[in-house]
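Just the one chain here, the form predicted on its own, laid out as structure tokens.
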Amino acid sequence: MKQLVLCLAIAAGYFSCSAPSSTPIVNKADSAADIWVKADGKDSMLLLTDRPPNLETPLKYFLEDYTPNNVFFVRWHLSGLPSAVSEDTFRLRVVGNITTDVALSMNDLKTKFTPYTITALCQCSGNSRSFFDPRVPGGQWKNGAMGNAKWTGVKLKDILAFAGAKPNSVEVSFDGLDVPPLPSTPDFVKSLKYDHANDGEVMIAYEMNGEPLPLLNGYPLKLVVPGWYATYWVGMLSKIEVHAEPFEGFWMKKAYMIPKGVENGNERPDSLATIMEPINVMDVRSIFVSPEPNQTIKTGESSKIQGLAFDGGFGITKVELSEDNGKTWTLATLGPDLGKYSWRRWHYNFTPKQNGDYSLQVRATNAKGQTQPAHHWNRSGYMRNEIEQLPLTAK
């Protein structure tokens, strides 16, 4: 009854939910607390919250180079989302420190500008927060708050040039169609320094993996900031404002802050940082995908261990695994390089010699020489990238 009530509560909101017989609401392989739902345009995904909708991608889909649109993770901050957007009437407004305010239709974006495609990982800054020790408040994501995709659209640089952004511009802000539930709730508006926004890689996407963006992933337009955490990837993008002064919005000055000048955004519960800065480039990280934790493998037989590695755009140069709690490390085999902003798949053959419990560790290193710490923590649960462990049982 409790499961049915929850599902009905979700269905009564702005996205539908179903739990077909082939996909139970509760996935007993994980936890009785794991609730699996089907939102509009999505297959079965792990429910984090229903208002606003936040859905996690099942780990098995990370065995693919590109995350399917129908299971690509969903992350919203504000519950006031439109249930539909008309492409015919939608306009992207560009205002502020420019020559002339413009309002671009979807047809304008597709016909007046040269299309641009980039492969990039979109990762929530709170991905894997549930694994922080000590625990911290916030959305208790596992490893599925991310996805890899080919994004097609328009370079932001081209739009800024079209609007005539003035030479004294210092920052650009981005607002979507989502609205706050209460007047006291700050609208979700993010910003980038003008030089970053104008670098020729930041883009506005209207397609994801060759198809229109799913509504819950930001249809009709999504800001794509390659190499930076997804808090900057504003969905349902409807307004771009160019500023001649620094932008002072809540979500840049109060929220999504990390210790300044500290590698990995690390701090200790008994020694919190006093100087903070907005979160920005993704740290280097690797995770296990298959087999999943606590699975049983066969003694004396080779088991294929698979996973992912990624960073903020310097490029993954090696992935190593340890079978002896970090005393020695062995190189894994890297998969195809899909671009510096993409994740990179890897695999490793592990043969347990006797029955018993095992724990593998994985770490990645990028072209800048950055790797992963043995332990990582901060008060907000951001940027988790400590060395991952995989417990297995051999029989």
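Quick caveat, the model's predicted, so the values are computed rather than measured. Each residue number is its position in the shown sequence, starting from 1.
The discussion below concerns the form predicted in complex with a small molecule, not included here.
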- Query: Of these, 75-83, 162-170, 98-106, 297-305, which stretch puts a heavy atom within 4.5 angstroms of the small molecule in the model of the complex?
  - Reply: 75-83
- Message: Exactly one residue in P226, G265, G153, G235 has a non-hydrogen atom within 4.5 Å of the small molecule in the model of the complex; which is it?
- Response: G235
- Query: So which of C124, V202, L321, V94 gets a non-hydrogen atom within 4.5 Å of the small molecule in the model of the complex?
  - Reply: C124
- Message: Contact check in the model of the complex: G176, N217 and Y256 versus the small molecule, with a cutoff of 4.5 Å between any heavy atoms. Do all three pass?
- Response: yes
- Message: F310 versus the small molecule, in the model of the complex: is there a non-hydrogen atom within 4.5 Å?
- Response: no
- Item | the small molecule contact in the model of the complex: F188, any heavy atom under 4.5 Å | yes
- Hey, in the model of the complex, does N143 get a heavy atom within 4.5 angstroms of the small molecule? no
- Query: Do V284 and the small molecule share at least one heavy atom pair within 4.5 Å in the model of the complex?
  - Reply: no
